[in-house]
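Only one chain is shown below, in C-alpha cells, and it's the form predicted alone.
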Amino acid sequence: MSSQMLLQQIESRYPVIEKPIPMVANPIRMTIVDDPDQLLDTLSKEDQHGVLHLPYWTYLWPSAIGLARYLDSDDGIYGERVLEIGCGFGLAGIVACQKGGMVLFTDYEQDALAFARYNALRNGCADKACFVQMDWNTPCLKGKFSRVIASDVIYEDTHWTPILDMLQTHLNPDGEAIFAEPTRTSAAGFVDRLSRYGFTYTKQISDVVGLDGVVFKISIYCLKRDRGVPP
C-alpha cells in the first residue's frame, strides 16, 4: 500500500497532525493523532473480563521520545535485528531503522501499526521495517533479536511476567533490552524481578521535553543477561 493510500485510511478514522521530533542529525517527521483526549470516551473499551482498556497508544508519550533519543546516540545498532514491543506510532523503531537496524514493529492495536507503517514510509525506513500485530501474552515471534526496545510498558505488574518470559526466549544471549519509562515508582517492582530471570541492568535518567513543552524525567533501563546465569 502506498503512503498516500495509507494516510487516507488513517485520516478516515482519526484527526491527525504532523510533528517533527528533533534528533541529533535530522528531525523525525511523525504523523500522530491530533488531540487524543477527545477520543478517550469513544475508543475506551472493556474486554471479555470486564477490564477497561484505555487508548494509550493514541498519545506520543515523552518516554517514546526519550527512548528514540537514547537510540539516536547509539552507533552499535547497524545490522542488528531489533524488536519493538508496544510500538505505538513507531518513533523509537524508526530511529533504530535509521541507525541501520532491521526492526520488527509490534503492537496489540492494528491502528497503531497503521500509523507506525506510515511513519516508517515517510521517514524512508520501509525497507528495514516489518509490522506484526501481537499480544505479548501470546507472542508470535520467530528467532532471536539483538535488541528489544519498548517505552511505557512496565507500569503494570500484569505486564512484567509475559515481557520477561519473552526476553528469556527471544533475546540473544549477548543481546540487550532497553526500556524507557517516566520514573514511576511501580517500575521498582519490575526491576526487582530481573535477577530472578537472569538479567542485570543499568539505569540512567534524562530530561525530555514532551510535545506540550513540559520537561519530564525519563528513566532508561538497559538489561543484559547475567553472565553467571545460563540463558
Ligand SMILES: C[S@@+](CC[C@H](N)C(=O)[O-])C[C@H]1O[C@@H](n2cnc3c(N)ncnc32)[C@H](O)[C@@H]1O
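Just count from 1 along the sequence shown to find any residue number. Note that the structure is predicted; figures quoted are calculated from it, not measured.
The protein also exists as the form predicted together with the ligand; that form is not presented, and the subsequent description refers to it.
- None of 118 to 126, 140 to 148, 79 to 87, 97 to 105 except one has non-hydrogen atoms within 4.5 angstroms of the ligand in the predicted complex; the exception is 79 to 87.
- The closest non-hydrogen atom of residue 197 lies beyond 4.5 Å of the ligand in the predicted complex.
- In the predicted complex, none of the heavy atoms of residue 114 sits within 4.5 Å of a heavy atom of the ligand.
- Contact between residue 135 and the ligand in the predicted complex is found at the 4.5 Å heavy atom cutoff.
- In the predicted complex, the ligand stays beyond 4.5 Å of every heavy atom belonging to residue 190.
- Screening 28, 178, 166, 60 for any heavy atom within 4.5 Å of the ligand in the predicted complex leaves a single hit, 60.
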